[in-house]
Each structure stands twice: as structure tokens, then as C-alpha cells.
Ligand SMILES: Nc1nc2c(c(=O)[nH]1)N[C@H]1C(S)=C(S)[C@@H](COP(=O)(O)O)O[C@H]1N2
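Quick heads-up: it's one chain on its own, the form predicted alone, in C-alpha cells.
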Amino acid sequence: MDGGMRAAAGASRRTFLGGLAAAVPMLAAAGTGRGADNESDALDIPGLITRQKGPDNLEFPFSNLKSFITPTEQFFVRSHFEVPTVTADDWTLTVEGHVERPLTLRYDELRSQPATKRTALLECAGNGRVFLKGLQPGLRWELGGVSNAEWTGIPLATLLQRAGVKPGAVDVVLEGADTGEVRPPNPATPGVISYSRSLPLAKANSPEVLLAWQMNGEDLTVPHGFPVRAVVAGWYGMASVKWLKRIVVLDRPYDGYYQTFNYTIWQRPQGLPTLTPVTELDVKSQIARPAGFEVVPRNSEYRVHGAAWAGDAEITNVEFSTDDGRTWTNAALVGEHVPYAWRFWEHAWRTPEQPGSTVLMSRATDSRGRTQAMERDADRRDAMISHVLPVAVEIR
């Protein structure tokens, strides 16, 4: 949950639209009038959008969505504490705890293992927080706390097998080299801590969970976790710990700071509200263009496009609406399904003849039968923001 504890009340679509102008910076761009080829240079943002400095948190400009693989220089950056100073020469990774054979590996030794490649999307659990009703305490992400890359590394399961996990193991904790202290008014940490998250043993042993040293065919950059990071495909990005230094196998559930105070949502087993860690990605689609408050030429064909994702499921359909969700039209899915990655979609929209304001929406359905929710579930607090987000545009 990126540092906050206040609950985020869900808002209706019309309530959302009433406060949208105050919440989101206006992106005004002249329509090109070139039919379906409407990629406006006015919205090109070459780098990342700064959401916080010290530690740096940087957002991918989602309106620039063009390539299936996000260029490394545009891949969003999420940092909880300041970037640690780690070199390949002095880096080590230990595997310890509830194991038969504790391990310590150096960088060259890890990279000498047979490598695998996997394309996987990472999304911050707070992506889209700016659209929630009321001021939220966490980072003010708009749409760009999400990106897609090709990762190179070895499965976490390879090291767990080598270490010999003992019977009764429950959780596998991933600990980073980044450290810091959270102070009031947020829930305080017990002094300086490392950033860490845990995986249930079954997920840790899944082949899609990598210890990665390369991103898009090049060694990791420092902001993205050099020398080695975890990539937990199918889960929200808080699980993909950067600057990885230690793996601890536990015979009990891990209740660390970022497992309990942050990155948690309410669930209601037997009607009892219970805080539960955020884990799997929900089904979701986002509109890249037109961007919010973009000026679109009237009586023309405009290529509406965006991306959809669903964790370990396949996107089977994306629908598009121009009338506040009263009616829907199927959009076209672009390309082939790639497990754990996003799927592009597009729709040729004939814009109205008359000028005025129009609200656009998209919603996705996946192979598990999940359809993107129309309304915000308040039990999700300020995380897992996957409901339909209306995009208001101006027709001129």
C-alpha cells in the first residue's frame, strides 16, 4: 500500500468524474485529424514522470504506450527506501532458515547457472491511486505504475531445491539491501528495516518466479535492482524485491511490516474483517489514447487503444463504451497471448459530429471468467485499483 493505512472509499463513476479535473493534471492535445493514425506528438513524453524524489518513484507515461516491451528507460521505478550501494564484486545472496543446506552465492556463481527468459508485467499495487475518492496517503500514481519487460535469470525454485527445504516450510522471505525507517503519521517501523516480502512456498517454487540479473537483454540498471532482483510474475510488483540479498525459508507465516501494515486489503471470512496481504494481479484494462481531457477531432475515425492484463490468466475480451457504460462494443485484441504479460487492444471509434464532452471506458474479461469491476471495492483500501476508470475527452 505504499505507506498508508486509511481506507479508500469507492466512488461511483459520476462521483469520480465530478472530481477528476481536480485530481488529474489536464493533458490537452490537439487532434490530428488523420483518421485512425492519431498518434499525436503533443503527448510524447520521452522519459519518466516523477512522483517522488528521495527515494525516487517514477511513472511510465502510459499515453505513450507503443511497444509490447517497455524500454528500460521508460519502465516505472518503485523504491521504498533510498537506493543501496551494491557492486557485483561485493554482492552475495544467502539462502537460510528452514533448509538443510544454507547457501551463500556470489554474483558470478549465480550467473553461471543455466538461465531462462520470461516476459512479465509488473504493476504497483497502488497504480491508479490518484483516481480514488479523497486524498490518499500513498504515492499519487496515475496510469503508469505498470510496465512490461523481458527478464533473464534462474527460477527461485532452483536455489530452494539446492538448499533443501525442510518439511513444514510455509513462507519464503525475500529481503532487499535497501533499508530505511518509516515514521508517524504512518505506522512506524521498529527502527531501520530492510524492505522484504514473502511468498507462500507453492508460489516460490513456481517456474514463473525468477531471480533476474538482466532486463530487456541488458544487465539490470541500479534503479531496477542491480545486481539481482526477484520477478514474481502474476503478482503485484511489491513482491518483486529489488537488490536481493537474502532468502529466508520459514516454518510459519511471515508477518513483516510490508506484509501487514502495508500492501494489505480487507477480506471477510465468516463476516470477520481480516487484513490479508496483496498477492495476485486482478483483471484490468486501461485506455492509453485518448488520454484524459485530450481534445479529439469531431466526425473522424480515432484509434482508441490500450492494454489489458490478468496475472496468470489470459485476456479473452476487451469491451469499449462511449456512453458511461450503458452499452459496450468488443474491441480487437492485438497480437498473441503471452503468459504473465499485457495484451494490447484497439478500437476504431467514429467520433460524434457535434462538439462536446464524452466519457470513454474499457473493461476486460479473462480466461478465469473474471470481468473488470465497474465500481471500486472499498475493502481494497488504497491498493489493487482495477475497477473501470472513465476517461473524459473533449470533442471539437
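Everything quoted here is computed from the prediction, not taken from an experiment. All residue numbers refer to positions in the sequence shown, first residue = 1.
There is another form of this protein, the form predicted together with the ligand, and it is not shown here; the text below is about that form.
Problem set entry | Segment assignment from 297-305, 313-321, 118-126, 87-95: heavy atom within 4.5 Å of the ligand in the model of the complex | Looking at the other structure, the answer is 118-126.
Problem set entry | the ligand contact in the model of the complex: Gln286, any heavy atom under 4.5 Å | Although the ligand is absent here, Gln286 would stay clear of it in the model of the complex, with no heavy atoms inside 4.5 Å.
Exercise. Is there any non-hydrogen atom of Gly237 lying within 4.5 Å of the ligand in the model of the complex?
Worked result: Judged by the heavy-atom cut-off of 4.5 Å, Gly237 is in contact with the ligand in the model of the complex.
Exercise. Is there a heavy atom of Val77 no more than 4.5 Å from a heavy atom of the ligand in the model of the complex?
Worked result: Close contact exists here: in the model of the complex, Val77 approaches the ligand to within 4.5 Å, heavy atoms only.
For this session: Considering only heavy atoms, tell me if Pro223 and the ligand come within 4.5 Å of each other in the model of the complex.
Result: Flag for Pro223 set to yes.
Problem set entry | Contact residue in the model of the complex, from Asp282, Asp171, Asp178, Glu142 (heavy atom within 4.5 Å of the ligand) | Partner contact (heavy atom, 4.5 Å) among the options: Asp178.
Exercise. Among Trp213, Trp309, Tyr263, Tyr254, which has any heavy atom within 4.5 Å of the ligand in the model of the complex?
Worked result: Residue within 4.5 Å of the partner: Tyr263.
For this session: For the heavy atom contacts within 4.5 Å of the ligand in the model of the complex, list the residues of 228-262 involved, in sequence order.
Result: Counting only heavy atoms within 4.5 Å of the ligand in the model of the complex, the contacting residues of 228-262 are Arg229, Gly237, Met238, Ser240, Val241, Lys242, Trp243.
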